[in-house]
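A single chain comes next, written as structure tokens; it is the form predicted alone.
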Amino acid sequence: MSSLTKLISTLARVSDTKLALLNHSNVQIISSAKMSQYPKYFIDPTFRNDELNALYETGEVKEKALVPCRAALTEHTSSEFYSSFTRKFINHVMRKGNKQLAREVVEKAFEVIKKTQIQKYHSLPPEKKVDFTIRDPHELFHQAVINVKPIMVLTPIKRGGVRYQVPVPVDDLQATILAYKWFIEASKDKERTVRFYNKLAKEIMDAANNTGRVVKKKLDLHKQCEANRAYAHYRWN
């Protein structure tokens, strides 16, 4: 019993010492650095054909030829269908680390978009086919995200015991993430008989034409920000 008492008293002294060190003004907390298996002088790989051609045209390829580079990721490819913009959306669609399933779902949605455009083209009369353009699904998705991205959002700020919804501007990265989130939420809100990629394809085509539920959600958010503009000064107080 005496040994247990000594152990408890020792732990208490150690915890008191740690608290004293943390409360001391001269103590500096060292943040953990991001670890990598490659040294700092390793450069990122260049795998896109247009980027490689640009290096050859500018002559930078001679400078980077002998510089060691990191290994390319498994998803990096020189295919013309590769899009970093779409790859980020696939990462948001992914659940429980199943990236292959997320990639298949997005590719099926793009396939549905392409088939829908072709069917619409063949259903038009000959005089209207001249003005109809079949667009690349990747470009269509990029245009849809641009139409959906908000410029203002509401953030809760507490003043005088009351929490106000204050409109604040949003940067491009956060706006893109919100657009991805709204597309996924709108695609999940469906009937059980409708597949996720079919609903996603419909939402992308509607948003590319500046219509649909996702665009309406952005407009409703902007209306709320306009209604709460009287609280905008709480950002700086």
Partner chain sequence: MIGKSVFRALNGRQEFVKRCSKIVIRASSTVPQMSLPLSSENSNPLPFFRSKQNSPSLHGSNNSGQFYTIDPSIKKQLFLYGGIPKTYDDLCKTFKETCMMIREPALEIMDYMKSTNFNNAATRYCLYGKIGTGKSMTMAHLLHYGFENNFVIVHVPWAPYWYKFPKEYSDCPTKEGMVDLPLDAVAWLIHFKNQNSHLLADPKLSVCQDWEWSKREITKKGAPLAEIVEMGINRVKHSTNCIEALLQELKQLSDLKRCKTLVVIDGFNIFFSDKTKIKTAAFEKIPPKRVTITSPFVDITKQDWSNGAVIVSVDDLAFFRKDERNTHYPRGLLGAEGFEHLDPFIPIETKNYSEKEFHYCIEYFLDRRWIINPHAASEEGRKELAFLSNCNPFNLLKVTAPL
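Numbering follows the first chain given and starts at 1. Here, rigid core means the biggest group of C-alpha atoms that superpose within 1.5 Å across both forms. All values derive from a computational prediction rather than experimental measurement.
The discussion below concerns the form predicted together with the partner chain, not included here.
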property: Answer option from H92, H142, K149, K114, heavy atom within 4.5 Å of the partner chain in the predicted complex; result: K114
property: Option touching the partner chain, based on a heavy atom within 4.5 Å in the predicted complex, out of P126, G160, G97, P156; result: P126
property: Proximity of P167 to the partner chain in the predicted complex, heavy atoms at 4.5 Å; result: no
property: Non-hydrogen atom contact S84 with the partner chain in the predicted complex at 4.5 angstroms; result: no
property: Proximity of K88 to the partner chain in the predicted complex, heavy atoms at 4.5 Å; result: no
property: Stretch 110-142: residues contacting the partner chain in the predicted complex, 4.5 Å heavy atom cut-off; result: F110, E111, K114, K115, I118, Q119, Y121, H122, S123, P126, E127, K129, V130, T133, I134, R135, D136, P137, H138
property: Core-aligned CA displacement of E80 at least 2 Å between this form and the one not shown; result: yes
property: Rigid core fit then D50 CA moved by 2 Å or more between this form and the one not shown; result: yes
